[in-house]
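Below sits a lone chain in structure tokens, taken as the form predicted alone.
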């Protein structure tokens, strides 16, 4: 089969998922690449209708072993007509659990034909210099693997005679899906003494939970704990002070030290 464009459709609050998808696309030679970033609320209103001549790479982070609910809701704006797809999740070196299976099933529901899937590692949302949890990932080794994955996808797609010859993509996981983020009404706080009211935190929040006027206010129930505000704050004013979050972060730091490697499905090793 010939494809005329690779379309990246993703939810990526801290940029790690986007980076992995870009490098997968880099490995698929000779095609145009288009980004559809569904991370911010203002980017989610348009209908998205990929054509059968495109290859779509769908990407999302893993939160508690599942897809973020906001990512699912935004992906549901996509309506594909037997378009080939690659499904990619990025997790913080704990486990991806049922998230990749969930994304494959969602892709099928939206009209895609999944041809390959991958679970990559990215710096955990809760990571910091003092709490290293896959810090700096995806690193150069991860990105090389992503590009090689893309090359193998390109070869597989080129060898397909038609979509009807595609076999079902096997992904590990359980259904009904298990896990998911904890139900916690918490959010990062802002240290007023070092906050410059620059508005960066509000500009990167995927749920528009943050507003900046004479001070920074956070709608706690809308926070999904992606930590985009913390990682992007130029002065380090956004941070966690919640005791439960500190306990969770300490557990992850202690128990998720061993480096994990990307797992790939649907392509020859």
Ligand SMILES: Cc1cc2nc3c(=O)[nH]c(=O)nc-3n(C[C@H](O)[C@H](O)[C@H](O)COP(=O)(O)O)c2cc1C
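Numbering follows the first chain given and starts at 1. Quantities reported herein were computed from a predicted structural model and do not represent experimental measurements.
Omitted here: the form predicted together with the ligand. The next part is about that form.
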property	result
Single option in 118, 114, 150, 92 placed near the ligand in the model of the complex, where near means a heavy atom within 4.5 Å	92
One residue of 28, 38, 67, 226 in contact with the ligand, assessed in the model of the complex (non-hydrogen atom, 4.5 angstroms)	226
is_contact(residue 124, the ligand) in the model of the complex, heavy atom dist at most 4.5 Å	yes
Residue 62, heavy atom within 4.5 angstroms of the ligand in the model of the complex	yes
Heavy atom contact within 4.5 Å of the ligand in the model of the complex, the stretch among 169 to 177, 155 to 163, 92 to 100, 105 to 113	92 to 100
